[in-house]
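Shown here is one chain on its own, the form predicted on its own, set out as structure tokens.
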Amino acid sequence: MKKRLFTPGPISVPEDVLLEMAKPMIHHRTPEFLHIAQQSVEGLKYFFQTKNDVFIIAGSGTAAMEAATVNLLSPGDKALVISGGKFGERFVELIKAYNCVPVVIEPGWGNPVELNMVQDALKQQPEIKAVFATLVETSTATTYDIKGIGEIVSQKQDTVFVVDGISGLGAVECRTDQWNIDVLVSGSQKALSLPPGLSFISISEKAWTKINVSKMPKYYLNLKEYKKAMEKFDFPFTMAVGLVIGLKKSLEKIKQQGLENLWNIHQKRAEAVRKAAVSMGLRIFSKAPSDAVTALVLPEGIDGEKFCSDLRKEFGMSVAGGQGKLKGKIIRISHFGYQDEFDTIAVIAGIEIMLTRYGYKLEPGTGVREAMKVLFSL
């Protein structure tokens, strides 16, 4: 049975990227690998839409989230967190773990944040050192107004803006420098179409002023060491060589395709899934749905965890269930990775068939027909 991944990471990896990573291993301190690292960093700057420093860390996206926390803050600092899901909550947990004080804005799961809430919090507590937000909150499939928040934070000379772009970067519009993002983190297993294992972080000049005075203990995630090593496009610790080789190939493909074209492709896939779902009588969970991943509320009486398991066993299709308080209530379908229009149609067909097997009344082909209209302009 062919396996089709529609989970929001890990995702299906293109064959040519897999073949690059299957080549014989090379040593990580050789000119050959350092040249590959240099090309990868240059490609990442395009992917991030930044002229600032970008570093590669051997570790999942959470490693870069933790790096942002321990390098920018000192014990006792206050940090504002927009927490509307599991990954906003992760920033809160990281801030607490390092003896800092989170100030939390909770717009509700699936809801966009009101910009005046950010303005008011910064006005009432001017000692806030950093604002943490998420480009796409994976657990709710919600997009936040990062550009708007960035404009607000940029007016605060002593406050930096940190964005978790792990599930959104490459799938939805994000312009790091234009949007006043001081620190942006991402991971390899999303729109970069790579296996898990690498994370990335960009650092603005404003952010370096915080890093240079941070009193937080750190070792492996000390970005000063990464900056020092990056002068020779090297790494302070052993790098995941095969993944970086795959990264170079993936970034070349993205540059050739064009980042804005990539955003448009994700938008079209997401629109097709949303319109198909609505035609089937399903509800889109988020009030600000993202183009990276779509969350669908299942009909009453259908358990999301069992639905995901049955879909995988029957058709080899993996979609994600809900997290936290949404467990068993929603399914989440990603639109990134090695997919095309027919994969989108296939997952809609699989969901249709599974719904009917669960006793849900649905005319076969309803969702597929709507998806085809969007994908092929029928």
Ligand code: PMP
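For every residue, the number given is its place in the sequence shown, counted from 1. Being a predicted model, the structure only gives us computed values, none of them experimental.
There is another form of the same protein, the form predicted together with the named molecule; it is not shown, and what comes next is about it.
The listed set 189, 214, 159, 180 contains one residue whose heavy atoms approach the named molecule in the predicted complex to within 4.5 Å, identified as 189. Residue in contact with the named molecule in the predicted complex (any heavy atom within 4.5 Å), chosen from 49, 52, 318, 60: 60. The stretch that touches the named molecule in the predicted complex, counting heavy atoms within 4.5 Å, is 161 to 169, out of 239 to 247, 99 to 107, 268 to 276, 161 to 169. Interface membership of residue 134, defined by any non-hydrogen atom within 4.5 Å of the named molecule in the predicted complex, is confirmed.
For the chain shown alone, residue 138 is a contact residue for the named molecule in the predicted complex, at least one non-hydrogen atom being within 4.5 angstroms. Under a 4.5 angstroms non-hydrogen atom cutoff, the named molecule in the predicted complex lacks residue 37 among its neighbouring residues.
The shortest heavy atom separation between residue 346 and the named molecule in the predicted complex exceeds 4.5 Å.
Residues are counted as partner-facing when one of their heavy atoms sits within 4.5 Å of the named molecule in the predicted complex; in 72 to 105 these are 87, 90, in sequence order.
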